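Single chain ahead, written as structure tokens, the form predicted alone.
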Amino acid sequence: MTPVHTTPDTQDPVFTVRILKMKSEFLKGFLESLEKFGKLYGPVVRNGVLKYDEVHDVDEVVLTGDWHTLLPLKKLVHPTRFDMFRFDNDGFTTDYPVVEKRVVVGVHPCEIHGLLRLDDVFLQDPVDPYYERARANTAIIGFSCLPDEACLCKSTGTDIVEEGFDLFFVDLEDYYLVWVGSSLGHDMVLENEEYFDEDVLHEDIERYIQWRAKRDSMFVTSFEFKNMPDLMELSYNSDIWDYFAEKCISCGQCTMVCPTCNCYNVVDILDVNSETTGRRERVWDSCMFVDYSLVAGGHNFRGSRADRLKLWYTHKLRAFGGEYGKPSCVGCGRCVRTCPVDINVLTVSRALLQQEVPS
């Protein structure tokens, strides 16, 4: 593994990853001890839905099996809705959301890759100060996972992660191998040295290799990810887009559940009984919505569903990679699980590869 860093305030270019062991029986005590580093968040069930939320009792955290939260981790660093600033006749006052120190536990590899893609967008000049603030206050503790029938991270090369975490746990049943990925992660270990063992033996490495092989054999779904940029270019005018457009209901669910979709809109909202004071609100937006490309004068650059679908898939599978070096799809499978009319990276890529609409 390579030297890594996580959030903007924990960058340490000389930090080298360490691998430790921890018995499974110590996990609860370790999680309870993390309150020193921030409020604990993780995958918990709320109103029958698995979501990233504040943890009130570590026993409620879901860390095993092929679980997947409905919304990705991006909602904690790129909130669905917040006020940017207040304004009046004299100017404006920035209104940064209150972001306490947080430790997010149970983050899957594809989810960490999703955060790194968001970093590419929001932390380049000009830096988004709202995202930067949230990211800097969020520690990441990753956990290994097992694929279900919708997981595509093996195809996208995001099933393994080498950066972007403070700690990463691989579950080998009665104990964990723990990768320490930052100076903050090192501090978490030092705070709880009694839980960790530095003596990683050859048998442990062998067991990890066997776990990797078993997990890899569990992937049942794949798609032609590496060929997609060329396929997107060659198929831009294909009738396949019209086929999917007839099915699409423009609900925007694919963009909301995607870990790397980052579009938002800003709206000025005047105070009641005032024409001069108010607030500017920032809210998630979606390129699937019919008015997303509507401009002054009433012209809509992407009024048709086919054009909006092509925009989204071109961005995910070709354009983002051309700009940042890596495609924007991280293979989490949320679009596969969520779309009510079966339009997702899997069905679209297969149709483009075969150059025929699904039967």
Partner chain sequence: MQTADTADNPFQPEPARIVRHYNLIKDHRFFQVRFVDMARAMSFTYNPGQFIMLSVPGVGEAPFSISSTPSRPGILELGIRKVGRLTDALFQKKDNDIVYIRGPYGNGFKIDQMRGKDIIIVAGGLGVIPLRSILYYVLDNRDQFGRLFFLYGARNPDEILFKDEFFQLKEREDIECLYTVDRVGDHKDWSEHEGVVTTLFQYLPEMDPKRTNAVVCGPPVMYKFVIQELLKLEVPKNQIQMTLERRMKCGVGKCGHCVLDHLYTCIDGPVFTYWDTLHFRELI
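Positions refer to the first chain, counted from 1. Keep in mind that what you see is a predicted model, and the values were worked out from it rather than measured.
Absent from the display: the form predicted in complex with the partner chain. The rest refers to it.
Contact annotation for N265: at least one heavy atom lies within 4.5 Å of the partner chain in the model of the complex. Not displayed here, the partner chain is kept clear of F169 by more than 4.5 Å at the level of heavy atoms in the model of the complex. Using a 4.5 Å cutoff between non-hydrogen atoms, Y130 counts as a contact of the partner chain in the model of the complex.
None of the heavy atoms of R46 is located within 4.5 Å of the partner chain in the model of the complex. Exactly one listed residue, out of V58, L311, L70, V62, brings a non-hydrogen atom to within 4.5 Å of the partner chain in the model of the complex: L311.
F87 is the sole member of Y175, Y208, Y195, F87 with a non-hydrogen atom within 4.5 Å of the partner chain in the model of the complex. Residues with any non-hydrogen atom within 4.5 angstroms of the partner chain in the model of the complex fall in just one of 37-45, 290-298, 329-337, 50-58: 290-298. Scanning 266-283 for heavy atoms within 4.5 Å of the partner chain in the model of the complex gives V266, D268, L270, R280, R282 in sequence order.
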